[in-house]
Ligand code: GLC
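Coming up is one lone chain in structure tokens, specifically the form predicted alone.
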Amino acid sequence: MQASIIDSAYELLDETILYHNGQPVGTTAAVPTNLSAVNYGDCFIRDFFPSALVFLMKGEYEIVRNFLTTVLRLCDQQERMPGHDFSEGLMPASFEVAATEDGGTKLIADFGDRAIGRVAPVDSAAWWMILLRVYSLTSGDLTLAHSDRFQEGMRKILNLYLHESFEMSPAMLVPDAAFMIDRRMGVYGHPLEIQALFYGMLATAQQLLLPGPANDGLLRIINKRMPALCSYVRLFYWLDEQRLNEIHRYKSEEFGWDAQNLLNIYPETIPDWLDGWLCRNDGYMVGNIGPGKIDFRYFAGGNLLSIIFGLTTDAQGDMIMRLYDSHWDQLAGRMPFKLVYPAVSGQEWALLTGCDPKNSPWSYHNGGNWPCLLWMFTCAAIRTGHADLAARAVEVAGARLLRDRWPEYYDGQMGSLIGRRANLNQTWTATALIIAHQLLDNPDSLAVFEALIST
């Protein structure tokens, strides 16, 4: 890849750095000039994660440390909703640096109260905690994580996320639009991406919570919840040719201890496109599962993060990579990678998305191609011994991204069209390419990769 492409990506990243009181505290979602989306001048917690990895690879620890401290402090801005007990531990989806009348700046957090659909961001705390672990291991600075303020912050998050609800599953129950797919897409319930982030967050807590009276109870719960969650996901979410045949022959309405179809899945729910799509040596984690429900769509974020955090077995991770090799045109196409496959259309689109025009078939979250997934794919490919696939993806993406001005996403079944409503000069598009390139070409950057996968 030409050095000018990577240099341009670094230049874009530098243009997006946010400052508060003269200190760098994050990056905007896109270069803050002529933004097509008002809140893309905010720093989003999930969007900053790949920016942070780039800074850590460069040895620039200050901005990551400032970000971690800033976001934790912003939790105090959460408003109390009338009639609800105050749930501490929720982290904002984003924050903005706003000018004050005296010429200074102030921070304003968004907990979903300003977001489209008004959904609280379930994934923010997980991204924050995982980044805290990567920062601590990469920089060697454990003073932040071991401070009383951060120990208390992690306890609040875990008390919220480990809270029991009216279900009998080790997986986490969340509403639609609670993570990267932040618009209605039929992902309510137990979406895979949330389970992968939840698992990564629990692994972080195991490593960073200090033993003692304040934390011992939580650590005991975590030590039991992690293997239960891992076993549950590896069994119930996994789909390969053999598993598909088992579901195809399921009996339903089973009662009692000896039931095989524990979640009462009806074979008639298997979609037509799946017959013959899976080959003998590949498989994937389904997008969602619950009582009477399997979402057979392939969700890239959840599968790739499951590999990165060790939620899959080694064999499952290898088979997911082989799925990409078998269906490269469908899952990667001309701009890696497709966020969800396949797209929903017609009446199914109307019911699942609420007739969302942005999520029209093969666009945005509904089958659009997102280059920001490059960093996840590269990490997963390296972990499973398929770095050649990552190199192929980087070569495909790098040839277009600079020319297309770093779009947010691409449209079409092959990802050949710049997204109709995509914002340009998108930060995590640029940082994803930087990370992928560095991991493949610069052995020194692997320290960040090893910190990321240390579950």
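Residue indices: 1-based, along the sequence shown. Note that the structure is a prediction, hence the values are computed from the model and not measured.
Omitted from view is the form predicted in complex with the ligand, to which the following refers.
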query = Does the ligand come within 4.5 Å of any heavy atom of Glu408 in the predicted complex?
reply = yes
query = Wondering, does Asp182 line up within 4.5 Å of the ligand in the predicted complex on heavy atoms?
reply = yes
query = Hey, in the predicted complex, is Gln426 touching the ligand, heavy atoms inside 4.5 Å?
reply = yes
message = Against the ligand in the predicted complex, would Phe55 count as a contact residue? Criterion: heavy atoms within 4.5 Å.
response = no
query = Which of 224-232, 75-83, 307-315, 364-372 has heavy atoms within 4.5 Å of the ligand in the predicted complex?
reply = 364-372
ask   = Among Ala393, Ala422, Ala29, Val64, which has any heavy atom within 4.5 Å of the ligand in the predicted complex?
value = Ala29
task = Let me know which residues along 42-72 have a heavy atom within 4.5 Å of the ligand in the predicted complex, or say none if there are none.
result = Phe44, Arg46, Asp47
